[in-house]
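Quick setup: one chain, the form predicted alone, written in structure tokens, and binding and motion questions come after.
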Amino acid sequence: MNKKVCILYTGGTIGMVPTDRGYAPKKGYFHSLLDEIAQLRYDDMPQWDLVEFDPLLDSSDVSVDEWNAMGQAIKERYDDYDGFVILHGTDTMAYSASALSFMLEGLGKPVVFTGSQIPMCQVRSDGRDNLINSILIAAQGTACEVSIFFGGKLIRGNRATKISADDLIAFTSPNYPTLAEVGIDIRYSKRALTMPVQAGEFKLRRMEHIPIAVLKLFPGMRFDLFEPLVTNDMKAVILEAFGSGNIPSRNTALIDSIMRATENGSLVAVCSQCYAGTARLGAYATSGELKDFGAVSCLDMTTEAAVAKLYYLFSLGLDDAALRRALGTNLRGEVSV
């Protein structure tokens, strides 16, 4: 196999070592772990290079700056490799995969996020299989999009959400089928790999620091706590509402705050707290006022995808009407048509 894959190591559990304060990444250590994996040197493995980020991060510390750094690393090497593997911590992997799916415009090569639940320095680590299969998938060039490989399944990055801190199958794609399953063979789903057509050559769209808030509703919530978010500086508020987009209707404090948010120019977007399903504003009376105030449904997007998409759309500098239209438009396979 003459394919070349670039491994971008950003940090995360896969390369961590035990310390007095718990697991943490160690600079310069991961390459020695790779040297111990004999399969990485087999003839039927693609060539690979490792790029280690500095500093290495627990994914809890990943932000817009790190998304831009990942995107820049791919941009600088795009013509030199057939595919890319990004080693990343699991906690915010779905956010990063969603962000890169929008940032990498005109992407024509696989970008596969992976990591592990158990560090590779441990005997039972799931990192070896995840890494080996991710390299092979990145080299094959079949899934030319941003994806996550974990626990034997390849899923669309902007459809993923983390469901377990303990199980080796850490991610699921609640509203979209898997792109591939790995057993004796790597079995791709041609139907699932369908993507909206992107015009133009590959380029990186950097994310800007945009004031965005996520508010998860719960029974008995003190809605006056929502007030500090309602400022002229807040560009968007994502409400994680009940069911198909419902909110408490008998307490006027939340409605008043949402009304002030829209008056201040903030976009109010609505996701469902349910893993699977769609936010349908107006389906129930308890979501009717959201629709009246101009809230926008995120349909069946995950919260992670909605956050990343809003960062992207605001970074494009769209006007309000265009941004609202784009939020509900399927750009990278993140929302069902």
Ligand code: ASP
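Don't overthink the numbering: it's just position in the shown sequence, from 1. For clarity, every value in this text was computed on a predicted model and none was experimentally measured.
Keep in mind that the form predicted together with the named molecule is not shown, yet the notes after this line are about it.
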property: In the model of the complex, the one of 58, 300, 289, 66 near the named molecule [non-hydrogen atom within 4.5 angstroms]; result: 58
property: One residue of 133, 90, 246, 175 in contact with the named molecule, assessed in the model of the complex (non-hydrogen atom, 4.5 angstroms); result: 90
property: Exercise: residue 313 in contact with the named molecule in the model of the complex, heavy atom 4.5 Å; result: no
property: The named molecule contact at residue 101 in the model of the complex, heavy atom, 4.5 Å; result: no
property: The named molecule contact in the model of the complex: residue 96, any heavy atom under 4.5 Å; result: no
property: Exercise: residue 117 in contact with the named molecule in the model of the complex, heavy atom 4.5 Å; result: yes
property: Stretch in contact, per heavy atom within 4.5 angstroms of the named molecule in the model of the complex, of 183-191, 76-84, 258-266, 109-117; result: 109-117
property: Residues within 4.5 Å of the named molecule in the model of the complex, restricted to 184-211 and counted by heavy atom; result: none
